[in-house]
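In structure tokens, one chain follows: the form predicted on its own.
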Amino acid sequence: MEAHKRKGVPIPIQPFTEEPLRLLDEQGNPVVDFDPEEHLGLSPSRLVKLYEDMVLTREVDRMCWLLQRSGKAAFHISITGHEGAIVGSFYALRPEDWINGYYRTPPAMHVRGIRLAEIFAQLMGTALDPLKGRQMPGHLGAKKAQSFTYGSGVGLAHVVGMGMARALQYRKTGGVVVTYGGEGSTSEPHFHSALNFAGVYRLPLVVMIVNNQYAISVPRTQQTAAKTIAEKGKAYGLPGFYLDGNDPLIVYHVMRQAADRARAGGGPALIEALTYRLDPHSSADDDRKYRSEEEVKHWWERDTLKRMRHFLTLKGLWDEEKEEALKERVRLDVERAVEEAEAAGLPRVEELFEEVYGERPWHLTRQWEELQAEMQEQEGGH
């Protein structure tokens, strides 16, 4: 990919680097001379909206934890710490592009057009859930967002996305598929099968690995001897980009170029975004058993939200007054969305038998009639 230049200084986007690519350092200061609008296509208002969506995503995540702890949701897997990587990559995609996410992407799906109330409804299984309560929490998907319904199998998104990319290539839609997974997903056969056939057929596919350094309690060093995940792309004939995943601008920049290259017939790409999981793996995990408080504190100091906020302040686009107003606004938006999701009630029982076939076959009609009779009998018995 050709590097953009300003004042003779290139923005580094070379594949297979030993150190992660970045535009911002760990504090949010630019490491190269670049103009966001000229080189990234991000206007000042778009830069601010990117940060606002990152903050909203974290607030959605915080509320998901509260709903789980209060017994209103059975399970939750956090996105906290990953907002720069996931939201930044979403911003680089077009409406016609498809995503096949994983269990950490749901809190950010408002960026792709899913309403906040629908995100919380999927978590709790209420009637506003786009999937009508048929999937466990964290398995969000919706056609209007060009998003697959996530599978529980680790790494499954990659091989399913590879198949979808083949279909888009056949249909010549101009769309690209982006799949997401943690570094643990690269230990699964799905990952390697997806890259192998994506390389063979030069598919419009970008595989994004959000490397938060732990597959539940197993550190990355016990999963692979490779120095980076990105270098695995060499074996399959496609470029691998190693990024600082806490820098949303480099994530946006590389994802945009990788997606545009893929849609133009240039073939697939592998992106590794190095970040850190600031929360336990899930609501069922106790991360104190396998990592120290000092390690977590070290990464909190490099939080992706702090980094982006500092950059906006340097550009004269942000201040404390705007920060406080934003926090209050997203808090209210999230609370209203939860109220709407809860008020919707449970999905209709009949929806168990809908949307599988274009026309309901006789055996499902009979099963629905039998269930109705059983429910009436139970109601009469009570």
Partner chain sequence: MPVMNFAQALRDALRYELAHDDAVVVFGEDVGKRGGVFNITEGLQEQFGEERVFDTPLDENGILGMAVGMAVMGLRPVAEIQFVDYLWPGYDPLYSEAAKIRFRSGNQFHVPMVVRSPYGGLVGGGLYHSQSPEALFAHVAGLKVVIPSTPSDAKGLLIASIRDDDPVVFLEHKRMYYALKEEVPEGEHVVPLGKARTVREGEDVTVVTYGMMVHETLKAAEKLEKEGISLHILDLRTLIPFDGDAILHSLERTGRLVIVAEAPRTVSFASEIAAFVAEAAVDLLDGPVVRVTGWDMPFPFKLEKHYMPNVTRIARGVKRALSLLP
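Note that the structure is a prediction, hence the values are computed from the model and not measured. Numbering follows the first chain given and starts at 1. Superpose the two forms; the largest set of C-alphas matching within 1.5 Å is the rigid core.
This protein has a second form, the form predicted in complex with the partner chain, left out of what is shown; the following refers to that one.
Task: 278, 93, 164, 305 - the one with a heavy atom within 4.5 Å of the partner chain in the model of the complex - done: Flagged contact: 164.
TODO: Considering the partner chain in the model of the complex, find the one stretch among 244 to 252, 147 to 155, 83 to 91, 204 to 212 with heavy atoms no farther than 4.5 Å from it.
DONE: Contact-bearing stretch, as computed: 147 to 155.
Open item on the list: Please tell me whether any heavy atom belonging to residue 141 falls inside 4.5 Å of a heavy atom of the partner chain, as the geometry stands in the model of the complex.
Closed with: Residue-level check for residue 141: yes, a contact with the partner chain.
Open item on the list: Taking any heavy atom pair closer than or equal to 4.5 Å as contact, tell me whether residue 239 reaches the partner chain in the model of the complex.
Closed with: No, no contact at 4.5 Å.
Task: Proximity of residue 325 to the partner chain in the model of the complex, heavy atoms at 4.5 Å - done: Because no heavy atom of residue 325 falls inside 4.5 Å of the partner chain in the model of the complex, the answer is no.
Task: Partner proximity in the model of the complex: residue 132 to the partner chain, non-hydrogen atom cutoff 4.5 Å - done: Residue 132: yes, in contact with the partner chain in the model of the complex.
TODO: Any residue of 327 to 354 with a heavy atom within 4.5 Å of the partner chain in the model of the complex counts; write them all down in order.
DONE: Stretch hits, in order: 346, 347, 348, 349, 352, 353.
Open item on the list: So that I can tell if residue 370 moves, could you say whether its C-alpha shifts by at least 2 Å between this form and the one not shown after the core superposition?
Closed with: Superposed on the core, residue 370 moves its C-alpha 2 Å or more between this form and the one not shown.
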